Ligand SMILES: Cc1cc2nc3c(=O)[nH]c(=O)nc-3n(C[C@H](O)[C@H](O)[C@H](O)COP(=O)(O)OP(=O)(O)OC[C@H]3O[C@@H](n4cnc5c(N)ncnc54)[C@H](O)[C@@H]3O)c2cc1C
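Before any questions on binding or motion, here is one chain by itself as structure tokens, the form predicted on its own.
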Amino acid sequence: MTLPPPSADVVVIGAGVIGCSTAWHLARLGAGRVVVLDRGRIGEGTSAMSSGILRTHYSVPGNVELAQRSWRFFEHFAQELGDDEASAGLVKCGYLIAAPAGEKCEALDAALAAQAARGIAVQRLSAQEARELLPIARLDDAALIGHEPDAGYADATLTATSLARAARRLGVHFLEGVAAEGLVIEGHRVRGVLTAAGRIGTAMVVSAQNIWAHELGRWAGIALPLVAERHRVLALAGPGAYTSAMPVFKDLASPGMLYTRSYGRTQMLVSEGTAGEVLAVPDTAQGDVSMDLVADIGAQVAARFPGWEEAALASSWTGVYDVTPDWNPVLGPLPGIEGLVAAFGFSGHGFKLSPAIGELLAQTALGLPTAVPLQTYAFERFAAGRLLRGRYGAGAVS
């Protein structure tokens, strides 16, 4: 086991895409000695199972701002990192979202207006115009269809490893296979992090522990409102190709609020955007994908994509979300302990927002003004009843 350094200016716990983004931003801002701990390998936890969709469409205003900042970073990824070989695997194919008449249509209309007010390119399309972009879909029942041309998808593992490489070049020390086992807290102030390989003295810890954030809560003596939810993802081979030029699609009319995108340039990646299976303990091991679930999602796909009722299941996998009561993250200091900054509860948004989140966490850790105010994402909002409820109901679209 690699021995940790005896001290650090900042310790980041978690080397997923959020932790790696935070580490790079810390180094860029001159944080000094930065150490990143991870129980496994860089980007192999929940980040590795991300569907990788990138969009700025949200009904929670703060998320739109975070996503807009993050999209700019993804779009100029190599330039931002100062590395011509760096890549996030970005595919810029656009994003379509369709709603039936009623509350979801009203929510979509308001969200599109909010995006436009921020200078984001969005369009309202007719069914025929949308079909020209996604010809394999049936869209005649949609009351409103939104289109975000500057959207698409990318690779979360590639993003995390590229950020880690850039952070290493700036002096960040990554310790893979070294789990954090506790905090040293004296007089309500962080004084160090305990690991199986030894203690690291530090006055600042940034937790990017994702589904394992309950460990942080136990160390700090704070009950964190968080559950781990397993979600299933299918890759389907249909009668025609779902090409990489076709947009990501969000179907607000389907029972599972399905999202789809090209996978391998020919297949369809599809999953539900609603609540998943709550796990008793955090676990990234692959879960069961039952044939009943495959049949249920397949029926929803067939209702939207004519001919896909005969689609073959090419592959399937599971990923785990860290979900808060309002399906939005906690960002910033935790109450009662100086030197502790937390980020958890991304509820399926983490990869999309990771460049901006890393910047904000680094700024907070260093006592700098944040590029985006974090008050609405504070831990205290739950006790105060100031929840960030998305207008589409419980689920990762928010």
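Worth saying up front: this structure is predicted, and the values here are computed from it rather than measured. Numbering starts at 1 and follows the sequence shown.
This protein has a second form, the form predicted in complex with the ligand, left out of what is shown; the following refers to that one.
Heavy atoms within 4.5 Å of the ligand in the predicted bound form are found in exactly one of 34-42, 369-377, 59-67, 334-342, that being 34-42.
Contact annotation: of the candidates L226, V122, V178, M246, the single residue with a non-hydrogen atom within 4.5 angstroms of the ligand in the predicted bound form is V178. Of the residues given (V233, V190, A237, A275), V233 alone sits with a heavy atom within 4.5 Å of the ligand in the predicted bound form. Among heavy atoms of W219, some come within 4.5 Å of the ligand in the predicted bound form. Proximity of G319 to the ligand in the predicted bound form: non-hydrogen atoms within 4.5 Å are present. Interface membership of A167, defined by any non-hydrogen atom within 4.5 Å of the ligand in the predicted bound form, is ruled out. Taking non-hydrogen atoms only, P355 never approaches the ligand to within 4.5 angstroms in the predicted bound form. Contact check for E106, G146 and S254: none of the three has a heavy atom within 4.5 Å of the ligand in the predicted bound form. Applying a 4.5 Å heavy atom cutoff to the ligand in the predicted bound form picks out S50, S51, G52, I53 from 50-71, in order along the sequence.
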